[in-house]
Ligand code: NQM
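The chain that follows stands alone, in the form predicted on its own, written as structure tokens.
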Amino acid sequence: MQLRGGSSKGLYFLAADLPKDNAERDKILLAAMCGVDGTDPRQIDGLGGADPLTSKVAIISPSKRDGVDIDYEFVQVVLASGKTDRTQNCGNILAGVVPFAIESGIITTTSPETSARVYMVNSDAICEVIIQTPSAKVRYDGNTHIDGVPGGAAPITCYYMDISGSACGKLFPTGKRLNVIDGVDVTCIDNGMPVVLLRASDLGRTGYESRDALNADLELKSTLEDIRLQLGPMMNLGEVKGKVVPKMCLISAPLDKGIVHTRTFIPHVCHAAIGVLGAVSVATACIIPGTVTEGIALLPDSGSYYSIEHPSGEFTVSLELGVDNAEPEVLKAGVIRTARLLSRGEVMIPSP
């Protein structure tokens, strides 16, 4: 099936329909998304949309783990590379996992809501997902709006548990809240997504430039990539030249009631919005003293909701905090997403 999940779009497969061997599996995923030539950036011969946000795959199966309903593996088909990347999760594509599982008969519904616990294979973590199922059927239409997606839809609530250090092993993978790379201050953080935060002003940019302007800024992109490649091993990610993590995030002062303004690169293309778990990591950095966000982020006086501004609007994150060693500890992160089933059927794989 093809579903829009959050502000992304992807192909959703049952694991049982694919080869068990990852190399063989990837050949099929690349062919489905890109066609014969997995390096065509247009993806004209496949179902991909020629953008990182539409070049995504979810692989779903019933879970054999205690207290878990669904196993979800995320695969990013890296644009124009002929490669895949399983380093990260995708919280947007996750929004479509439970609807897909219901449509596929993996789980049954309850009315008026259905809750399912999803094991995220990529990060060995759990997310509780609650979707609207009046009359025991998936509801896709509704009045919930998320920036980056036209129109409204039924709300999908996602509660992430124990995601600190999901890819890098710890919240601040370099062991510091602030590092200096090539004379530029950076904060490396992983609360569900490995992200490198940089002050836009430190790179001679405002951070309010349009997505198109930043995508055309080859000097900036070269600088970001030089920094990213150095930080890969420092973040326990190894060589990241062919990987989509860590994400690079420029920050600046908020413009409209948010706590911070962002421009995220994934890793070389400026995001039209911001990723779900990327927003969680950015919000987490903002509430912890000593990061590059200090002096830029404007935190609310009370409450647990934090609005992250991005090129097409804002993304609100809920953080449930505890206290460990006198610093904030994120116990649970909640986000609201939407999803819609777009199509179901067969994808034709080229015979070679």
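Remember, it's a predicted structure, so these values are computed and weren't measured experimentally. The first residue of the sequence shown is number 1, and the count goes up from there.
Keep in mind that the form predicted in complex with the named molecule is missing from the display, and what follows is about it.
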{"property": "Every residue of 186, 199 and 296 near the named molecule in the predicted complex, heavy atom within 4.5 Å", "result": "no"}
{"property": "Options 165-173, 271-279, 109-117, 199-207; stretch whose heavy atom lies within 4.5 Å of the named molecule in the predicted complex", "result": "271-279"}
{"property": "287, 47, 53, 31 - the one with a heavy atom within 4.5 Å of the named molecule in the predicted complex", "result": "53"}
{"property": "251, 146, 90, 127 - the one with a heavy atom within 4.5 Å of the named molecule in the predicted complex", "result": "90"}
{"property": "Touches the named molecule in the predicted complex: residue 266 (any heavy atom, 4.5 Å)", "result": "yes"}
{"property": "Non-hydrogen atom contact residue 97 with the named molecule in the predicted complex at 4.5 angstroms", "result": "no"}
{"property": "Contact label in the predicted complex: residue 247 to the named molecule, heavy atom within 4.5 Å", "result": "yes"}
